[in-house]
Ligand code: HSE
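Only one chain is included here, represented as C-alpha coordinates and corresponding to the form predicted on its own.
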(Lines give C-alpha, C1' and ligand atoms only; values in the text may rest on other atoms or scores of the structure.)
Protein backbone atom coordinates (compact mmCIF):
# COMPACT_ATOMS: atom_id res chain seq x y z
CA UNK A 1 0.00 0.00 0.00
CA UNK A 2 1.08 3.54 -0.77
CA UNK A 3 -0.32 6.40 1.34
CA UNK A 4 0.00 10.07 0.34
CA UNK A 5 -0.99 13.19 2.26
CA UNK A 6 -1.91 16.31 0.25
CA UNK A 7 -2.73 19.80 1.59
CA UNK A 8 -5.65 22.04 0.76
CA UNK A 9 -4.87 25.13 -1.28
CA UNK A 10 -6.13 28.65 -1.66
CA UNK A 11 -5.67 29.97 -5.18
CA UNK A 12 -5.51 33.49 -6.65
CA UNK A 13 -4.97 35.22 -3.28
CA UNK A 14 -6.90 38.20 -4.63
CA UNK A 15 -5.23 39.58 -7.77
CA UNK A 16 -3.15 36.56 -8.82
CA UNK A 17 -5.83 34.89 -10.94
CA UNK A 18 -4.66 31.42 -12.09
CA UNK A 19 -1.09 32.36 -11.07
CA UNK A 20 -0.72 32.48 -7.27
CA UNK A 21 -1.58 29.81 -4.73
CA UNK A 22 -0.78 28.73 -1.18
CA UNK A 23 -0.95 25.37 0.57
CA UNK A 24 -2.95 25.15 3.82
CA UNK A 25 -2.75 22.69 6.71
CA UNK A 26 -5.97 20.80 5.96
CA UNK A 27 -5.31 17.43 4.34
CA UNK A 28 -6.65 14.71 2.12
CA UNK A 29 -5.13 11.23 2.15
CA UNK A 30 -4.90 8.91 -0.82
CA UNK A 31 -4.12 5.21 -0.34
CA UNK A 32 -3.51 2.94 -3.30
CA UNK A 33 -2.70 -0.74 -3.72
CA UNK A 34 -2.89 -3.42 -6.39
CA UNK A 35 -5.57 -6.10 -6.10
CA UNK A 36 -6.17 -9.31 -8.01
CA UNK A 37 -8.91 -7.93 -10.23
CA UNK A 38 -11.23 -4.98 -10.85
CA UNK A 39 -11.51 -1.60 -9.15
CA UNK A 40 -12.35 -0.88 -5.50
CA UNK A 41 -12.76 2.74 -4.37
CA UNK A 42 -13.50 3.67 -0.75
CA UNK A 43 -14.33 7.25 0.26
CA UNK A 44 -14.33 8.50 3.85
CA UNK A 45 -14.87 12.00 5.19
CA UNK A 46 -15.81 14.96 2.99
CA UNK A 47 -17.67 13.99 -0.16
CA UNK A 48 -18.30 10.41 0.94
CA UNK A 49 -21.92 10.60 -0.23
CA UNK A 50 -21.25 12.31 -3.57
CA UNK A 51 -17.85 11.25 -4.92
CA UNK A 52 -17.96 8.72 -7.75
CA UNK A 53 -16.70 5.25 -6.80
CA UNK A 54 -16.40 3.97 -10.35
CA UNK A 55 -14.14 4.50 -13.32
CA UNK A 56 -15.09 8.19 -13.59
CA UNK A 57 -13.50 8.93 -10.21
CA UNK A 58 -10.78 11.52 -10.85
CA UNK A 59 -8.26 9.72 -8.64
CA UNK A 60 -8.67 6.61 -10.76
CA UNK A 61 -8.54 8.59 -14.01
CA UNK A 62 -5.21 10.25 -13.15
CA UNK A 63 -3.81 6.93 -11.88
CA UNK A 64 -4.81 5.37 -15.20
CA UNK A 65 -2.95 8.14 -17.05
CA UNK A 66 0.17 7.53 -14.99
CA UNK A 67 0.05 3.79 -15.65
CA UNK A 68 -0.49 4.35 -19.37
CA UNK A 69 2.42 6.80 -19.50
CA UNK A 70 4.90 4.39 -17.95
CA UNK A 71 3.50 1.16 -19.40
CA UNK A 72 2.31 -0.37 -16.14
CA UNK A 73 -0.82 -2.54 -16.11
CA UNK A 74 -2.05 -3.56 -12.63
CA UNK A 75 -4.29 -6.61 -12.46
CA UNK A 76 -6.68 -4.56 -10.34
CA UNK A 77 -6.58 -1.42 -8.22
CA UNK A 78 -7.73 -0.40 -4.76
CA UNK A 79 -8.03 3.29 -3.82
CA UNK A 80 -9.06 4.79 -0.49
CA UNK A 81 -9.73 8.53 -0.21
CA UNK A 82 -9.84 10.02 3.28
CA UNK A 83 -10.91 13.62 2.83
CA UNK A 84 -10.67 16.52 5.24
CA UNK A 85 -10.91 19.17 2.49
CA UNK A 86 -14.52 20.17 1.74
CA UNK A 87 -15.51 19.58 -1.89
CA UNK A 88 -16.45 22.38 -4.30
CA UNK A 89 -15.63 25.12 -1.79
CA UNK A 90 -12.56 26.76 -3.35
CA UNK A 91 -9.98 24.87 -1.27
CA UNK A 92 -8.45 22.67 -3.96
CA UNK A 93 -10.15 19.37 -3.19
CA UNK A 94 -9.92 18.14 -6.78
CA UNK A 95 -6.27 19.17 -7.10
CA UNK A 96 -5.51 17.32 -3.86
CA UNK A 97 -7.17 14.16 -5.15
CA UNK A 98 -5.31 14.37 -8.46
CA UNK A 99 -1.91 15.12 -6.94
CA UNK A 100 -2.29 12.40 -4.29
CA UNK A 101 -3.44 9.76 -6.74
CA UNK A 102 -0.78 10.66 -9.33
CA UNK A 103 1.97 10.41 -6.73
CA UNK A 104 0.59 7.14 -5.38
CA UNK A 105 0.26 5.65 -8.88
CA UNK A 106 3.81 6.71 -9.67
CA UNK A 107 5.09 4.85 -6.61
CA UNK A 108 2.96 1.78 -7.39
CA UNK A 109 4.37 1.70 -10.93
CA UNK A 110 8.01 2.06 -9.93
CA UNK A 111 8.57 5.81 -9.49
CA UNK A 112 9.43 6.54 -13.12
CA UNK A 113 7.91 10.05 -13.43
CA UNK A 114 9.51 13.30 -12.28
CA UNK A 115 7.76 15.94 -10.21
CA UNK A 116 7.49 18.12 -13.30
CA UNK A 117 5.90 15.32 -15.33
CA UNK A 118 3.37 14.60 -12.59
CA UNK A 119 2.53 18.28 -12.27
CA UNK A 120 2.03 18.59 -16.02
CA UNK A 121 -0.39 15.68 -16.05
CA UNK A 122 -2.36 16.98 -13.08
CA UNK A 123 -2.54 20.53 -14.45
CA UNK A 124 -3.70 19.29 -17.83
CA UNK A 125 -6.51 17.35 -16.22
CA UNK A 126 -7.36 20.13 -13.74
CA UNK A 127 -7.32 22.80 -16.45
CA UNK A 128 -5.24 25.33 -14.47
CA UNK A 129 -2.13 24.93 -12.29
CA UNK A 130 -2.69 27.39 -9.43
CA UNK A 131 -4.01 24.72 -7.02
CA UNK A 132 -1.95 21.81 -8.29
CA UNK A 133 1.44 23.48 -7.81
CA UNK A 134 1.09 24.41 -4.11
CA UNK A 135 -0.65 21.09 -3.42
CA UNK A 136 2.43 19.30 -4.74
CA UNK A 137 5.27 21.50 -3.44
CA UNK A 138 3.73 23.48 -0.54
CA UNK A 139 4.28 27.10 0.47
CA UNK A 140 3.25 30.04 -1.69
CA UNK A 141 3.72 29.42 -5.40
CA UNK A 142 3.85 31.43 -8.59
CA UNK A 143 3.23 29.48 -11.79
CA UNK A 144 2.88 30.30 -15.46
CA UNK A 145 2.40 28.27 -18.61
CA UNK A 146 5.04 28.71 -21.31
CA UNK A 147 5.37 26.85 -24.61
CA UNK A 148 3.09 24.10 -23.36
CA UNK A 149 5.00 23.60 -20.10
CA UNK A 150 4.87 25.02 -16.59
CA UNK A 151 7.36 27.31 -14.91
CA UNK A 152 6.88 27.70 -11.17
CA UNK A 153 8.66 28.95 -8.08
CA UNK A 154 7.96 28.39 -4.39
CA UNK A 155 8.26 30.93 -1.59
CA UNK A 156 8.16 30.28 2.14
CA UNK A 157 5.54 32.66 3.58
CA UNK A 158 6.34 34.76 6.66
CA UNK A 159 6.34 32.60 9.80
CA UNK A 160 3.72 34.77 11.48
CA UNK A 161 1.23 34.48 8.59
CA UNK A 162 -1.98 32.71 9.58
CA UNK A 163 -5.51 32.79 8.26
CA UNK A 164 -9.19 32.31 9.02
CA UNK A 165 -11.37 30.58 6.47
CA UNK A 166 -15.15 30.88 6.37
CA UNK A 167 -16.61 27.92 4.45
CA UNK A 168 -20.28 28.36 3.47
CA UNK A 169 -22.34 25.18 3.72
CA UNK A 170 -23.10 25.05 0.02
CA UNK A 171 -21.08 23.97 -2.99
CA UNK A 172 -20.01 26.20 -5.87
CA UNK A 173 -18.50 24.47 -8.87
CA UNK A 174 -15.46 25.97 -10.55
CA UNK A 175 -17.32 25.77 -13.86
CA UNK A 176 -20.16 27.94 -12.56
CA UNK A 177 -17.76 30.40 -10.94
CA UNK A 178 -15.80 30.72 -14.20
CA UNK A 179 -18.95 31.09 -16.28
CA UNK A 180 -19.66 34.54 -14.82
CA UNK A 181 -16.24 35.95 -15.75
CA UNK A 182 -16.02 38.39 -18.70
CA UNK A 183 -14.36 37.32 -21.94
CA UNK A 184 -12.44 40.61 -22.08
CA UNK A 185 -11.10 42.95 -19.42
CA UNK A 186 -10.17 46.60 -19.62
CA UNK A 187 -6.58 47.82 -19.90
CA UNK A 188 -7.05 49.69 -16.62
CA UNK A 189 -8.22 46.59 -14.75
CA UNK A 190 -5.29 44.58 -16.10
CA UNK A 191 -2.85 47.23 -14.89
CA UNK A 192 -4.62 47.37 -11.51
CA UNK A 193 -4.10 43.65 -10.97
CA UNK A 194 -0.55 43.55 -12.35
CA UNK A 195 0.57 46.14 -9.84
CA UNK A 196 -1.06 44.36 -6.94
CA UNK A 197 0.37 40.96 -7.84
CA UNK A 198 3.84 42.51 -7.76
CA UNK A 199 3.12 44.19 -4.44
CA UNK A 200 1.68 40.97 -2.99
CA UNK A 201 4.74 38.92 -3.92
CA UNK A 202 6.98 41.61 -2.42
CA UNK A 203 4.92 41.70 0.78
CA UNK A 204 5.08 37.91 1.21
CA UNK A 205 8.80 37.71 0.43
CA UNK A 206 9.72 40.56 2.78
CA UNK A 207 7.20 39.79 5.51
CA UNK A 208 5.57 43.20 5.04
CA UNK A 209 2.12 41.96 5.94
CA UNK A 210 0.68 45.44 6.44
CA UNK A 211 0.67 45.69 2.64
CA UNK A 212 -1.69 42.77 2.18
CA UNK A 213 -4.88 44.79 2.52
CA UNK A 214 -3.86 46.89 -0.48
CA UNK A 215 -2.04 44.14 -2.38
CA UNK A 216 -4.92 41.64 -2.31
CA UNK A 217 -7.43 43.87 -4.06
CA UNK A 218 -8.70 42.57 -7.39
CA UNK A 219 -10.76 43.66 -10.37
CA UNK A 220 -10.54 40.62 -12.65
CA UNK A 221 -12.64 37.95 -10.95
CA UNK A 222 -13.90 38.76 -7.45
CA UNK A 223 -16.35 41.55 -8.42
CA UNK A 224 -17.98 39.25 -10.98
CA UNK A 225 -18.32 36.39 -8.49
CA UNK A 226 -19.85 38.44 -5.68
CA UNK A 227 -23.46 37.68 -6.75
CA UNK A 228 -22.71 33.95 -6.26
CA UNK A 229 -21.69 34.49 -2.63
CA UNK A 230 -24.22 36.52 -0.62
CA UNK A 231 -22.52 38.93 1.80
CA UNK A 232 -19.04 38.51 0.34
CA UNK A 233 -18.15 42.21 0.43
CA UNK A 234 -19.58 42.64 3.91
CA UNK A 235 -17.63 39.64 5.21
CA UNK A 236 -14.41 41.09 3.79
CA UNK A 237 -15.08 44.42 5.48
CA UNK A 238 -15.96 42.77 8.79
CA UNK A 239 -12.77 40.69 8.76
CA UNK A 240 -10.58 43.73 8.05
CA UNK A 241 -12.30 45.80 10.73
CA UNK A 242 -11.71 42.93 13.21
CA UNK A 243 -7.96 42.98 12.56
CA UNK A 244 -7.28 40.95 9.40
CA UNK A 245 -4.41 42.29 7.28
CA UNK A 246 -5.98 41.11 4.02
CA UNK A 247 -8.93 39.11 2.69
CA UNK A 248 -9.83 37.32 -0.53
CA UNK A 249 -12.07 34.79 -2.19
CA UNK A 250 -10.40 31.38 -1.91
CA UNK A 251 -10.08 30.03 -5.43
CA UNK A 252 -13.46 30.02 -7.14
CA UNK A 253 -15.23 30.19 -3.77
CA UNK A 254 -17.49 30.21 -1.94
CA UNK A 255 -14.89 30.03 0.88
CA UNK A 256 -13.49 33.37 2.00
CA UNK A 257 -10.05 33.68 3.57
CA UNK A 258 -8.76 36.43 5.87
CA UNK A 259 -5.05 36.65 6.71
CA UNK A 260 -3.55 37.65 10.04
CA UNK A 261 -0.11 38.49 11.37
CA UNK A 262 -0.10 36.13 14.35
CA UNK A 263 -3.12 34.75 16.16
CA UNK A 264 -4.01 37.66 18.46
CA UNK A 265 -6.95 38.90 16.37
CA UNK A 266 -8.19 35.48 15.30
CA UNK A 267 -11.11 35.15 17.75
CA UNK A 268 -12.50 38.53 16.69
CA UNK A 269 -12.02 37.80 13.00
CA UNK A 270 -13.70 34.39 13.25
CA UNK A 271 -16.68 35.85 15.10
CA UNK A 272 -16.99 38.79 12.69
CA UNK A 273 -16.93 36.62 9.55
CA UNK A 274 -19.43 34.13 10.93
CA UNK A 275 -21.79 36.85 12.14
CA UNK A 276 -21.70 38.79 8.86
CA UNK A 277 -22.42 35.66 6.83
CA UNK A 278 -25.27 34.94 9.23
CA UNK A 279 -26.67 38.41 8.51
CA UNK A 280 -27.03 37.24 4.90
CA UNK A 281 -28.62 33.93 5.99
CA UNK A 282 -25.52 31.91 5.10
CA UNK A 283 -24.39 29.21 7.52
CA UNK A 284 -20.66 28.57 7.45
CA UNK A 285 -17.84 26.61 9.08
CA UNK A 286 -15.04 28.72 10.53
CA UNK A 287 -11.49 27.38 10.75
CA UNK A 288 -8.11 28.87 11.56
CA UNK A 289 -5.33 27.62 9.30
CA UNK A 290 -1.63 28.01 8.64
CA UNK A 291 0.41 27.67 5.47
CA UNK A 292 1.67 24.17 4.76
CA UNK A 293 5.33 24.23 3.70
CA UNK A 294 5.82 20.60 2.66
CA UNK A 295 3.17 19.98 0.06
CA UNK A 296 2.30 16.39 -0.85
CA UNK A 297 4.14 13.75 1.19
CA UNK A 298 4.36 9.98 0.71
CA UNK A 299 3.68 8.68 4.24
CA UNK A 300 3.70 4.93 3.62
CA UNK A 301 5.28 2.89 0.87
CA UNK A 302 5.39 -0.71 2.00
CA UNK A 303 4.20 -2.42 -1.15
CA UNK A 304 1.27 -4.29 0.38
CA UNK A 305 -2.09 -3.68 2.05
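Residue numbers count along the first chain shown, from 1. Computed from a predicted model, the values in this text were never measured in an experiment.
The same protein has a further form, the form predicted in complex with the ligand, not shown here; the description that follows concerns it.
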Q) Within 4.5 Å of the ligand in the predicted complex, do we find a heavy atom from each of 17, 225 and 251? A) yes
If we test each of 72, 154, 80, 178 for a heavy atom within 4.5 Å of the ligand in the predicted complex, the one that passes is 178
| message | Under a 4.5 Å heavy atom criterion, is residue 11 part of the interface with the ligand in the predicted complex? | response | yes
is_contact(residue 87, the ligand) in the predicted complex, heavy atom dist at most 4.5 Å: no
message: Taking the ligand as it sits in the predicted complex, is residue 219 in contact with it (heavy atom to heavy atom, 4.5 Å or less)?
response: no
With a 4.5 Å heavy atom cut-off to the ligand in the predicted complex, the contacting stretch among 160-168, 144-152, 122-130, 192-200 is 122-130
Near the ligand in the predicted complex, with a heavy atom at 4.5 Å or closer, the residues from 144-175 are 174
